[in-house]
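Just one chain follows, in the form predicted on its own, and it is written as structure tokens.
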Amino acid sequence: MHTVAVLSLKGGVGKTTVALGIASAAMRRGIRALVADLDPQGNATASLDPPFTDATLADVLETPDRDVLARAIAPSVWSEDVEVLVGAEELEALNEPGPDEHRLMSLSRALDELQDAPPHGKPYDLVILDCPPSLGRLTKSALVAADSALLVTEPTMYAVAGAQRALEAIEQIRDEHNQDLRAAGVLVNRLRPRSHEHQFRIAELRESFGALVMPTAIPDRLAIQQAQGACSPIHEWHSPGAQEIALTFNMVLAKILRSNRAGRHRIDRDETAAETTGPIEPIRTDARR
């Protein structure tokens, strides 16, 4: 089981879009996935549209045992292979920093329960942690529990500063709590390839972070909002724009899964056929949806 935290320290950059895109790519490959919605806004939960549960992730963080997990996990409308650890507004009360550092371990203990005895029988290959857009207790808990962390940003003037702060947070958590944590990369979202400003900001990111910046980006396409509004995985939304985005998420997932590190959370499957990525290129048609 590999656990990836999807984070950004700036709101509105499409972090949940990326988490859902990775889940969609996993479903396409037959990889059993769990999306844990740590964002109090609950957008990932809304898009995956699980049935009502009598417990949520807030309850799991307070009592990280198998019985509570079983009541907080539900199937998504996408597929039986994509399940949801349901988010709730109550998570906001758990996001404030406090003196109880042991609380940072609650999510990690819950994932250990999933690893040892999945509540619904079939084990998960991939756990995707959709973090809130801040460096509070919830994001730190995700980094303590994760094997890898994917940073999501936009090609704007604030991108470099936000990515730098997020990488510093990863390094701090690795030094203090989770020595196996690694940065999976920096993923640029909502790219308009013909925008000189966007290309300039990507070059700025590459100058600062080098190979950590993924060589593929998520283009700005209406298909993403359409698919999410219909509670549909992007891989099953039939438009040229959706197909383009789906291919990009396949590449992102392949990069995440290429970790062969030993550890508590990793995928025990052969990834030798993982896709490769290419440079960010201008897209020929801006009218794609």
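We number the residues from 1 along the sequence you see. Computed from a predicted model, the values in this text were never measured in an experiment.
Unshown form predicted together with a small molecule; subsequent notes refer to it.
Contact with the small molecule, judged by heavy atoms within 4.5 Å in the model of the complex, is confined among 162 to 170, 183 to 191, 120 to 128, 85 to 93 to 183 to 191. Scanning Q243, N43, S232, T53 against the small molecule in the model of the complex with a 4.5 Å heavy atom cut-off leaves one residue, N43. Looking at R221, you'd find a heavy atom of it within 4.5 angstroms of the small molecule in the model of the complex. Of the heavy atoms in T248, none are within 4.5 Å of the small molecule in the model of the complex. Looking at Q225, you'd find a heavy atom of it within 4.5 angstroms of the small molecule in the model of the complex.
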